[in-house]
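In structure tokens, one chain follows: the form predicted alone.
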């Protein structure tokens, strides 16, 4: 039996732990083929055989040894069919796709076309439904919280407002958890927009009392009185996503102009993605990899592994990608206790 593995979408800590878990738990009669650069590797026929020696110790490394891309094979009939053609050339009996909404949506489409697919949820934003956590999220929150911790002292020393921009296109999981952990004085996330006046009111109250403030803001946050989303580039990737970013700088400029307070903006960006995974993410990734191989051995295809409490379970892939998992109001209400 030959099983392919690919990692698609953005990189994140824990991907190599998943790869290692798959390879190490595979029976000796199963050959593992690593597909390079996500779905692009199945279009261009880029691959490498993976053995126990190849994955020795990689669980402590960030990124992915297979490389990744945001390639969408369903962008054309030609690339869609090329993937199927190359899967036959590689004689793959099954494919394990590790990725987020986009990667797993593609996997679900190929399963509907008859391909034996197992999905592993991967998104640093933690917004895939029906799983408690995705690996990489815990590491991102730790890095974000550490950065916000460090910015308290400089904000206080200079009596400034510092806006810290974190990843989060549609959801604010990283921002709310990093902000709560590090004591941010205002947390702004896409799920619960505010007007500029509401933001300024909270910050003005804070500055009059304490003389400094640190704001955690998700890149996808848009004040209700802004007509358009703040973006770095208007071009889209192959899945139609515009590159977000810059809301921290925009808010810093507007708040300074309207209040006279000194402001700064810090964009954490890809710092949240990089580096070695936390112990939690190494273990979660390992468990996901082992469970994915177990599903392949059982012939239980069209499934995605998921975390439910302390258990690793499986659900239909479409259950994970049909809707996003948003921050609930009760959680944001908890965070609001510490605003100002």
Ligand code: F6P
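Model, not experiment: these values are computed from the prediction. Positions refer to the first chain, counted from 1.
What follows is about the form predicted in complex with this ligand, which we do not show.
This ligand in the predicted complex is not approached by residue 136, whose heavy atoms all lie more than 4.5 angstroms from it.
This ligand is not drawn, but in the predicted complex it has a heavy atom within 4.5 Å of residue 270. Among heavy atoms of residue 219, some come within 4.5 Å of this ligand in the predicted complex.
This ligand is not shown here, but in the predicted complex it comes within 4.5 Å of a heavy atom of residue 123. Comparing 146-154, 209-217, 163-171, 90-98 against this ligand in the predicted complex, the single stretch with non-hydrogen atoms within 4.5 angstroms of it is 163-171. Contact with this ligand in the predicted complex, judged by any heavy atom within 4.5 Å, is made by just one of 70, 287, 303, 36: 70.
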